[in-house]
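Alright, here's a single protein chain in two forms, structure 1 and structure 2, each given by itself as structure tokens.
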Structure 1
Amino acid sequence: MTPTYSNLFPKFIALKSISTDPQFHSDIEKTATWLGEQFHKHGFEYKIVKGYENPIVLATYTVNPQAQTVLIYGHYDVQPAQKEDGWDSDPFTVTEREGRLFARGAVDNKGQILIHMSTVFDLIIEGKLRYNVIFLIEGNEETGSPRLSDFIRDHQDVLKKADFALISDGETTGGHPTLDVGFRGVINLQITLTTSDRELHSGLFGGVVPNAAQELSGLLGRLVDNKHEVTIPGFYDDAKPIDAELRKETQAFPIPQEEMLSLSGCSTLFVEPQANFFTKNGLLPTLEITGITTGYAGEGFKNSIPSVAVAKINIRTAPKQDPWKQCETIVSYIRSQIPSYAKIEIIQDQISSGILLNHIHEYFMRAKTIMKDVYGKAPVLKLCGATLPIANDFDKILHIPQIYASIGNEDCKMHAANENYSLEFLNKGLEFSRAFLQKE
């Protein structure tokens, strides 16, 4: 680690900037203020912008009016964490062991955005900074960035000065440096099925009245067949067949599927012969039941027939699919499967498009070359199965090319207990950032 990074990292981590819990709002405010102070110390013009949910830090540094400008995005908010969740140490105190730094936000995203911040700070001091720099660091990524699009539209006067964007908020793939070239979209739905206005005695009414738990379970079971394909008509529209060139790229990944199986902790992968893990994860839509609440699950037995059952469903749409159209298709199908004696309520919580990024531009090619030099192996061009709404915002609002350089270790346990940053990958990230951002 560089001295600048080593100094700032534990201070950044110590700020409990948990965006999913309102009780940490004061910590959110302190974190934005702390970031502003770091930029001020290094000669940036900065402002902490409020009115878009949690504060957004916008900082600019001009090294040369004739130089190109890079927009670097990151987020300072983190997922909840407490030692009782299974952490081996205090999640907000950096702990080094076995060649790793353990802390909440170590990779997602404090550790990665700080790599670029600390590198820029050092290059300013050394007089070696290649680009003018704009930092956009938000505090709502973990809650879906609900107002970020509005912020970007309202601050185009500053943000459109950027020639390209650089984002590091992901993981490497099989030990290979990774450049993400696409993301899936997302839809979150909550389904509430009701069969009665009260729970009923299972001995007095069992077998002759509808059971909300059984009705919803049956519906959910019919959404996916025994080949693990989603049964909803139109679900795969605009996603199949897979483009031959994209299929070729994903099948050429130098990472064996056995490694992905090991990372999953599962005993099998549902992958058809003509595809592989990365093809299915990056290019095809999926539907996952992420939660079910119904009946009594406490100690002992209640012996009542549930009258209400709730399920949460997460859909990832293919990069080229329209998620609003898909949402309408899915909701319509689910409603058609509900018997007349049951009532259903469907709430849509989040929806965002996927994207296939242009990766034939000078900035991407430069990053690709530098990554190969730093890591000693060519980067994987990955279609990421996750969703990153800001990719669409930068594309559709700012119209600038983007580089998604994922420099976190694959086994970082993002969002889980004992999140960690491998020192090997952290140092490679610092090396990449310096090589990319410094003058030649």
Structure 2
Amino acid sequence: MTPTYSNLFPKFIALKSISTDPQFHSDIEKTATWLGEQFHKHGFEYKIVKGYENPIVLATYTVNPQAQTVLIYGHYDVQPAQKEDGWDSDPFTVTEREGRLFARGAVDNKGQILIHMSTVFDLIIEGKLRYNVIFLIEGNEETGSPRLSDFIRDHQDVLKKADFALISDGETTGGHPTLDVGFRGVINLQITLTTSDRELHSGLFGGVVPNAAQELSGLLGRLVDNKHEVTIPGFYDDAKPIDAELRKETQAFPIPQEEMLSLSGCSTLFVEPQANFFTKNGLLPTLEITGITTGYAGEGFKNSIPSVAVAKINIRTAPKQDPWKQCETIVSYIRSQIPSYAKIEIIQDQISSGILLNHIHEYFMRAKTIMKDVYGKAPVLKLCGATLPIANDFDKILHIPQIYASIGNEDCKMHAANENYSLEFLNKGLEFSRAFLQKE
């Protein structure tokens, strides 16, 4: 660790900036103020912007008006943590054990954003900073960044000065440095199917009346065929084409399937021999039932025919698909499958686009090369199957290329007890950050 990092890290961690629990609101405020002070000390202009949920810290440093500008995004808020949750030490006191620093936020995201902060601070002092820098550090990532799009839209004048963005908020994959090059979009649906206004005795009415659980199972069962493909017409439209070069790079993904299989706890993965986990998971749309509730759930049996059945469904859209259009297609198909004797109500939520990032711009190439030097192996270009709304906001509002350089260790336990940053990965992260942000 560098002296700057080891000085600031325990102080940053000690601030209980838990955004998911309103009782920590004053700690949130203190954290934003503390961040502002660090930027101020190092000659940044900064604003603590209120009015978009928790305060957002926006700090800019101009090393040279002719230099290129990097926008570095991170978040200072963390998930809840209590010693009783299974922590071996106080979650808000950094504790070193067996080559790891244990603390809530150690990796997600205090530990990672502080790497870039402390590197920039050091490079300023040393007169070696390569880029002008804009830090955007928010306090609502753990609650879904509900107002961040608005903030970005309202602060385009500052943010658009950036030539590219650098984000470090994830883990390496299989011990390899990782550059994310794609994220899927998301659609959440809740389907409520009703066949009667009352539950009915399964003996006295069984076989003669509609059964909401049966109708819902039939519907859900028909949505996926025995090749695990979604049967909704149009579901795969605009999804399949993919840049040959990227396909080649992601195909060459150095993580053995066995490792992903072991991570899944399953006995098989639905990946064809010629594809790989990340190509399939990152590039194809999928439909997953995430919950079904109907009828009696207790011990033993209650022999009633359910009149209401509810399913929650999570759809991930391919990076090139329009999730709002897909949602329309899916919802109208589902409606068309419901017999006239059943009523259906569908709630749509959390719709967000996917994206395939530009992975051949100069900054990306530079990050790739430096990572290879620092880690001694080429980074994996990962098509991430999850959804990152900020990637879209930066793309659609700021129109700038982005680098998602995940530098946390894979076993960091983010969101869980004993979150930790491996010193080996932390030092590699500092090394990468310095090499990337310093002048030649």
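Please read these numbers as outputs of a predicted model, since none were measured by experiment. Residue numbering: structure 1 sequence, from 1. Just so we're on the same page, rigid core means the largest C-alpha set that superposes within 1.5 Å between forms.
Selected structure - the one that is the form predicted on its own | Form predicted on its own: structure 1.
Taking the rigid core as the frame, does residue 127 move its C-alpha by 2 Å or more between structure 1 and structure 2?
-> Not so; residue 127 is displaced by less than 2 Å.
Is residue 74 one of the residues whose C-alpha moves 2 Å or more between structure 1 and structure 2 after the core fit?
-> No, shifts by less than 2 Å.
When you overlay the rigid core, is the Cα of residue 179 off by 2 Å or more between structure 1 and structure 2?
-> Residue 179: C-alpha displaced by less than 2 Å between structure 1 and structure 2.
For residue 282, CA displacement between structure 1 and structure 2 after the core is overlaid, in Å | Superposing on the rigid core gives a C-alpha shift of 2.4 Å for residue 282.
So if we fit the rigid core, how much does the CA of residue 210 shift between structure 1 and structure 2, in Å?
-> So the C-alpha of this residue moves 10.9 Å.
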